[in-house]
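Below you'll find only one chain, the form predicted on its own, shown as structure tokens.
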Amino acid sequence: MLFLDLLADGVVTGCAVGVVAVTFTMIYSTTRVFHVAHAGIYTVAGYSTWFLTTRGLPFWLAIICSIAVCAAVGALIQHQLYTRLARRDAPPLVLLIASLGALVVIQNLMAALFSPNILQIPADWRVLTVGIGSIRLSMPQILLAVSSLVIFAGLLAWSRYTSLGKRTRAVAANEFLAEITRLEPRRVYITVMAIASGVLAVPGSLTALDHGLQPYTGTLVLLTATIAMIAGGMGNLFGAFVTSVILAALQTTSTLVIPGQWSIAATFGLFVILMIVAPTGLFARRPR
């Protein structure tokens, strides 16, 4: 059935967007920076994987290298841009504008270096499909869904059970208290940015493998992820991921009743209604 195919595509896309939303939530809840340049790092992931595979590197090794590249870019942005502005007591609006500037620079740099045209990662196996009942998914889609769920579970476990994750949550809860107790918030910011940017390379590369890549595609992905982050409840990783899947599934299945170009508008309309009904989000924690 067409509905099941569209639903499966939406769930797979939602898993990828979910990783973007979860990592974006991690960054915002910890650093309080609306890091829109995250979309640029998503783009860097696809282009670095494409570049390395076209130079003869196996796809899996190219993804590992892309993880390192994205982690380094994220840490560099935090250390050289946000930290410097924070030391000068820059207001949040200045940080947002700086992040927008970083996004524009990254996207145009990718366009200048690799062309603004659609590029395809060379991998013969990307056209293979697997049937699950009446649904058929491509190999990149299956890998994207599985890896996104693994990353999501790993980030939840890291946040709840590791000492660094607990330290990060402490910094997110109270920066001033974390500073006076010597938890070194600025180092935590760089670490969180590196981890969030590094894991973003996996869905960024697999999505590029499945659909091709262009310099500006990450912006729409981040926009959907931002909606999911707010609608799922600010700071709630589980809510951000689940809401991403719901939104992506609604976007794809809505094309059965409305033209495709209106599906995004319908999603934003649903978001506005949701914010009126539940302004704190679907999965917001209730105060005790």
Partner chain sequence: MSEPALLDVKCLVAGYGNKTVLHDVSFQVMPGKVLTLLGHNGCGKTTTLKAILGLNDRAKGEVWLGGRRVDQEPVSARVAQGLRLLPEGRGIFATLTIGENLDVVADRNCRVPDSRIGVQEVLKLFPALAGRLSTLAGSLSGGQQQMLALGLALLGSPRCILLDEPSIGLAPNLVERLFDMVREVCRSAGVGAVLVEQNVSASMKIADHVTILNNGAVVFDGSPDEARESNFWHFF
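Positions refer to the first chain, counted from 1. Values in this document were obtained by computation on a predicted structure and should not be read as measured data.
Just so it is clear, the following notes concern the form predicted together with the partner chain, a form of the same protein that is not shown.
Although the partner is absent here, R136 lies well away from the partner chain in the predicted bound form, with no heavy atom inside 4.5 Å. Within this chain, L156 is remote from the site of the partner chain in the predicted bound form, having no heavy atom within 4.5 Å. Taking the partner from the other structure, the partner chain in the predicted bound form has a heavy atom within 4.5 Å of a heavy atom of I180. The partner chain in the predicted bound form comes within 4.5 Å of a heavy atom belonging to R167. Of the candidate stretches 67-75, 121-129, 205-213, 180-188, only 180-188 contains residues with a heavy atom within 4.5 Å of the partner chain in the predicted bound form.
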